[in-house]
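Below you'll find only one chain, the form predicted on its own, shown as structure tokens.
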Amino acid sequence: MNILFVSAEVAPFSKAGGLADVAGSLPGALTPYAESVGIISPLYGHINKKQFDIIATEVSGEVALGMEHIPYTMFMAEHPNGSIPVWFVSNDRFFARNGIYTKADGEGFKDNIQRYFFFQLVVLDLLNKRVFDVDILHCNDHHTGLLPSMTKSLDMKIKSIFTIHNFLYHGHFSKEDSKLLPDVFSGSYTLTQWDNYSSLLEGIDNADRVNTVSPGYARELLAGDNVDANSLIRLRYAEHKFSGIVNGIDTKYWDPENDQYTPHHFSAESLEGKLKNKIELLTSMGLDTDVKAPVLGLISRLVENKGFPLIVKLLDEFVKRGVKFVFLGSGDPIIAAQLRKACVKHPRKIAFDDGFNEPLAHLIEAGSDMFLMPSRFEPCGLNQLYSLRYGTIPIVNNTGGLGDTVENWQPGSGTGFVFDSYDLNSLRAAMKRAIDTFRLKEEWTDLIKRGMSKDFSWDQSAKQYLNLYEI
């Protein structure tokens, strides 16, 4: 079994969200069970070739995009987490810019459709040239959603898996856009109710197997939650080949006993280092260093569906209760402005780092008492898994993968605080329950240890993916 994992982002080289973490971890977990596993992704301008020892290869070519023939060159590196080859598609016009999908202000690049058409056509060209020996093409999200139909159109003897990491993003393109693709492909797509096409739905229609990143999210999609009528018809038509597999985490990279980014290490048997990391976090963020007060961390893209409309309304109330907050993330400038305003109002209680900061992300996980994740919807979520591993108790909405992975606390059982309705009062009640339980030191210590004992390594998830590959 030879597997090629195709992704628009892959950690640690490029990252905008959870897709990058999966692309950077799942292939490594598959290597013990497959003959070969490789990854292919664009070479973005911000990727440091020297840092990651990314070298040029002799592989190059050109693909037709409309009337243009656009060249590409290939670079290659070994993934830091194992001997997995990572191939990078290089083209200055489409990828030599600092953002992955958006500019610094959060606005999407206007040529994103062309960029990922180009990326997929290059992958197809490489498959045609047999640069890779591929049995299974594992495509991810709308950026790669046309590849299953492309390989079928060319009668390639390659099976395809399509993983939905977030159904919210479809990669819609117009009839005019479709003319950029070679004639053999451009007439084979199905119109949506908006008289355009969806790269995401094309992947669902044409892949041999389709999955999403938790059983809970799969159930929600098939039930029609946040799904338009046209998309629901196509999802249900694919139900026979559709499943959900919870994401795993890289337990070597996210390891409280050996974390390269945290100053103090700890384990479930010896938690002293967690308290020291809390002091380090508070000091580094300029917050009051009273360790008896609970610290709530949050690491997220700043978008509405992550629960920020609820969170910002509760900040004043919980600061009065003695709670401190540390936020890390970038995205919607309105949400960023709201968080900055809260920091000005409560400079010793609320801190916000606007951007991507990997060392700080690890310190937040290691030093916070609780992790706030009240998403309106969440396909899987990874930060609640990192949090459990670091003894940082998640507060989550019962949706998607959050409900699959966090067990609601009751005295003597559970791993976090789960609320069932996405509204202000439900979140308020869950936060209050968490803070009240935090005061019960023996119960809180048992809660930490239960969370840290859970196994969310990629190995179990990888074995479920292997079952999908047996097409």
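None of these values were measured; they are calculated from a predicted model. Start at 1 with the first residue shown and count on from there.
Separately, the form predicted together with a small molecule exists; it is not shown, and the next lines address it.
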His362, Lys306, Lys159, Arg115: which sits within 4.5 Å of the small molecule in the model of the complex by any heavy atom?
Lys306
Looking at Lys241, Arg97, Arg301, Arg340, which is the one with a non-hydrogen atom within 4.5 Å of the small molecule in the model of the complex?
Arg301
Candidate spot Gly18, Asn166 and Val213, all three in 4.5 Å heavy atom range of the small molecule in the model of the complex?
yes
Although the partner isn't part of this model, could you tell me whether Leu382 comes within 4.5 Å of the small molecule in the model of the complex, counting any heavy atom of the residue?
yes
Quick one: does Val10 come within 4.5 Å of the small molecule in the model of the complex, counting heavy atoms only?
no
I'd like to know if Asn247 sits close to the small molecule in the model of the complex, meaning any non-hydrogen atom pair within 4.5 angstroms.
yes
Tell me which stretch of 116-124, 374-382, 150-158, 332-340 has a heavy atom within 4.5 angstroms of the small molecule in the model of the complex.
374-382
